[in-house]
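Below, in structure tokens: the form predicted on its own, a single chain.
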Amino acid sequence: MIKTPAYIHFVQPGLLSSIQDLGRFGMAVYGVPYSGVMDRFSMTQANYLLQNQFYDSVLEMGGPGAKMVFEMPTRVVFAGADADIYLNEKQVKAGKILDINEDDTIHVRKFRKGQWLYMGIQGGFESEIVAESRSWYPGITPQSRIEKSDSVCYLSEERFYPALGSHAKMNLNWFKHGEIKVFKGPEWDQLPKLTQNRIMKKSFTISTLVNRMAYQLEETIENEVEPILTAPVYPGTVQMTPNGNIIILMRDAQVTGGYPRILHVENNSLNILSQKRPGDKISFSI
């Protein structure tokens, strides 16, 4: 099958739109963060439905999403946040494989639930590979966010057979519950038992200080643990600052830190956490 380079042209970039895959591995020794999609579960869903490789790159969008025009035919599918998605002004559903024709327009509007929406495309995107990943990250790749009038490359096949009329029924409530499963961090046992109990029994609120690097919680916990020497941290590391703020590191987090690492979020729960919005409630469970 002949594949021809084609482009998506962004009329509106949306909020925090970027190309991401599973991220970079084995590069932390050089100070390079993992990056990659915030919600791996939804990325995997999109690629599975398109019969892509599980690691193929996708378009990640925060709300409101992007408006884009396709040069040539392809197929796309959406997964992740519950959002209003329109193909040529006709509303479409997440989980449905969409046949895209020349000059078709997709517009992602209001996000109803969730923080991140993913658009998988047949064969993945053709962004530059840097350190074995297509994930965009500031200072590592030529750009970190899609801007207005940007264009992103994909490969269009000579012929696409029409997609089946049926589609996967997405569970848009999978990230609704607030229980975040964690493991004990290296400095957990330095916390007094009373403080440990408070953390595990307390309901926390996602603050407005959220981005791809970290989510901060509104409530504080009295911190009696001394700062540590700089030590390795990873996506999912839960840190406690000297003033008692709790910070959960996300995909673009730095690779070392000096705050006590009290907990670490389990992988599936990190996907759930990534979809939480400011004001949402969570609790920790070991």
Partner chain sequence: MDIRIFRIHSKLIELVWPKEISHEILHEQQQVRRFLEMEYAEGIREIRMGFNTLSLKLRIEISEEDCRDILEEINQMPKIHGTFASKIWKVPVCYCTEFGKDLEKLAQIHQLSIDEIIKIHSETIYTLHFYGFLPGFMYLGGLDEKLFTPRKSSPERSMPSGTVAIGGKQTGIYPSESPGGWHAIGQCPVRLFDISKEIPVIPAVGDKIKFEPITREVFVEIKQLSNQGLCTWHHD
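Since this is a predicted model, take the numbers as computed values, not measurements. Residue numbers count along the first chain shown, from 1.
There is also a form predicted in complex with the partner chain; it is not shown, and the following applies to it.
> Can you check whether Phe54 is within 4.5 Å of the partner chain in the model of the complex, heavy atom basis?
It does not: once the partner chain is placed as it appears in the model of the complex, Phe54 has no heavy atom within 4.5 Å of it.
> Does Arg261 reach the partner chain in the model of the complex if we count a contact as any heavy atom within 4.5 Å?
Taking the distances in the model of the complex, the answer for Arg261 is yes, it comes within 4.5 Å of the partner chain.
> Is Pro73 one of the residues lying within 4.5 Å of the partner chain in the model of the complex, judged by heavy atom distances?
The answer is no: Pro73 has no heavy atom within 4.5 Å of the partner chain.
> Would Pro64 show up as a contact with the partner chain in the model of the complex if we use heavy atoms at 4.5 Å?
Pro64: no contact with the partner chain in the model of the complex.
> Is the partner chain in the model of the complex near all of Lys110, Trp174 and Ile272, within 4.5 Å of a heavy atom of each?
Per the other structure, none of Lys110, Trp174 and Ile272 touch the partner chain.
> Tell me, out of Ala131, Met200, Leu87, Leu209, which residue has a non-hydrogen atom within 4.5 angstroms of the partner chain in the model of the complex.
Of Ala131, Met200, Leu87, Leu209, the residue with a heavy atom within 4.5 Å of the partner chain in the model of the complex is Ala131.
> Which single stretch, out of 56-64, 215-223, 238-246, 253-261, brings residue heavy atoms within 4.5 Å of the partner chain in the model of the complex?
Going by heavy atoms within 4.5 Å, the stretch is 253-261.
> Taking the partner chain in the model of the complex, which residues along 213-235 bring a heavy atom to within 4.5 Å of it?
Read in sequence order, the residues that approach the partner chain (within 4.5 Å, in the model of the complex) are Glu226, Pro227, Ile228, Leu229, Thr230, Ala231, Pro232, Val233, Tyr234.
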